[in-house]
Structure formats: C-alpha cells, structure tokens
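First comes one chain, alone, set out as structure tokens in the form predicted on its own.
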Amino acid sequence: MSKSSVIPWEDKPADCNDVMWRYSNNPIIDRYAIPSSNSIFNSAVVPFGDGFAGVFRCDNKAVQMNIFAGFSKDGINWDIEHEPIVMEAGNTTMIESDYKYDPRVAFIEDRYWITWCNGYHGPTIGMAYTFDFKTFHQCENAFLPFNRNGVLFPEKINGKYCMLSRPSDNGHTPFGDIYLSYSPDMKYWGEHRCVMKTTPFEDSAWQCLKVGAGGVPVKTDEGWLMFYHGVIKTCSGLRYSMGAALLDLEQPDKVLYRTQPYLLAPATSYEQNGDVPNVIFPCASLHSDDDKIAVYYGAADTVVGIAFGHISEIIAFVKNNSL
C-alpha cells in the first residue's frame, strides 16, 4: 500500500542540476495549520482510500509534543484533526506516554503501523496500529529507553518483522548509528544488528555526528532504498541533511551503497529559519508505478516540505557517489 498510481508531483526545473528538487510551493503545511499548533513537522503519510492519510507531529503553543491524524485528496492540501490521537489498548494495557513525536507509518499485511518517539522514562519507540486512521491501538514499546527514529520495513523479511532504530541517550544525542531489530509478532524485538555508522569527518562531514532512518524503506530491484538524515555540528549548531542508502533485500543490515554527498541540505528560508534552524528531516515518501517519488520532510522543526525525484536516478546517484 506504499505505492500509488497518482502522487504529488512537479517536474524538475530547467535550471536544477541536482538529482532531487523541492516543490515550488513549499512548505505544504504551515506551522499554524491547526488552531493549537506552534509547529507541524516531521510527519508521515501513506496512500489511503482514494487519497492519502497521515500522522503529523504537532507541537502546541505550550510546546507539548503529540501526534495528530490527517487526510488529503492530493497529498499536498491536508486537513489535520484539531485534537491529538487518543490511543486504545492494543497488545498491552500499558499505554503510558509523556510525549509523542516524529511518527512514521507503514502498511504491513492488513493494517497501518505507526511508530514514533514515545516518552516513557525517556525517549523510546512507541508503536500502534490502525485500520482507518480513526481508531488507534497502542502496543508495547519496542525497546528500552533511550531510542529514536524507529522505522518499520513494509513487509516481513525471512519471516520476521524488521525495524530500524537509533539508540540514543536522554538528551539531544551527541552520537547516533542506525541499528536493525527483528520481531516474530510486533511485540518482542531482538536480534539487534548494526546497520550504518556515522562517517569520519574527512570522508563525509555532513553525516559525521549522527545518522537516522527517514521514511519506510522502498523495495527496488537494487535493494531497499532508505532515505536518512545525517548531522554535522557546525559553529552555529547542528545541521541536518538528507542522504540515501541501498540495503540488501534479504540481509537489510548490509549496506550496499550510501551517499557520500547529501541529496538535500538546508538552503531555503523555511529550512534555514524556524524553531530549530538548518534542518531537513525526512519521515515519509510516496512512490508511483512510473518511477516517481515524493519525499516528505520536516523543515527547521517548524513546517513540512516535499522533494521530488526519479527512483532510478536516485539509485544511480547513490551507486555512483557511494562511500
């Protein structure tokens, strides 16, 4: 259900020399799109019905972090619920949560699974499922604190569910590598494997401090296409950019290729200016049967933007510019 015949799209500008390009009407979701919001960013979308559905990070004017459901006919113009998602008990009665942020959504088998950074004695990976984006069933947290950027694969691999994550600490993590974990039932997770580490400063400085998985990986003939964010600490603070990697289809902890140069870095006013300046944070993508992909990303921890590309061209770029 991650593929749609019609996705948001805008052709590449004639003066663009990059493999991916921004939507000319970015940001598509403003920070004040619902009455209570201070900012709306780092959100996930999927095809749903005759349009799209999404789970959105909306920080309110007390800067309390929570997730909200939303719907769209075209993937660009969104109606976001004015109240946060209320969870029912899923495979557990323990649905405690001090905060929720940075959701991802994957359709697996017969339902939509939401993962997010869940506040339970520190940040960890919360999980829930829904069939209709109206009723949500919260399940056991996947891991102990501290962890962030939990991203599910859209299908079982070798008979097991798979999730990427980034073990962290309780603060604004000054480190971070991507790991993979397996589960037989979406409740108990183990077989943890290191997937991808940060890079030496001299080799690729934009991703030398930490890396984290973006949206749900896209299955291609060349491997799992995983968009990810990379971070560098600069004189003026942290800078988040977007790259991509290809993971082995049967052994997704094996990186086949990863970008040495970034695909997209903060360059526009809405990416460079906001509550947290200089951030591009991918959380979702929509792709079509005709090689097109639209990547949704949070900009400056304030608004939501889209970037476009052709899957075949992105894969060629990753392979030809790999570390």
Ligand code: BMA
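Quick note: we count residues from 1 along the sequence shown, nothing fancier. In this text, all values refer to a predicted model and were calculated from it rather than measured experimentally.
What comes next is about the form predicted in complex with ligand BMA, which is not displayed.
Novice: Looking at 181 to 189, 95 to 103, 125 to 133, 242 to 250, which lies within 4.5 angstroms of ligand BMA in the predicted bound form, counting heavy atoms?
Specialist: Heavy atoms within 4.5 Å of ligand BMA in the predicted bound form occur in 95 to 103.
Novice: Give a yes or no for F281: in the predicted bound form, does one of its heavy atoms lie within 4.5 Å of a heavy atom belonging to ligand BMA?
Specialist: So F281 counts as contacting ligand BMA.
Novice: Y297: heavy atom within 4.5 Å of ligand BMA in the predicted bound form?
Specialist: Heavy-atom contact with ligand BMA at 4.5 Å: absent for Y297.
Novice: Consider S285 of the chain shown here, and say whether it contacts ligand BMA in the predicted bound form, taking contact as heavy atoms within 4.5 Å.
Specialist: S285 lies outside the contact set for ligand BMA.
Novice: May I ask you to state whether N42 is within 4.5 Å of ligand BMA in the predicted bound form, using heavy atom distances?
Specialist: Taking the distances in the predicted bound form, the answer for N42 is yes, it comes within 4.5 Å of ligand BMA.
Novice: Within 290 to 323, which residues come within 4.5 Å of ligand BMA in the predicted bound form, counting heavy atoms only?
Specialist: The stretch 290 to 323, when checked against ligand BMA in the predicted bound form, contributes only D301 at the 4.5 Å heavy-atom cut-off.
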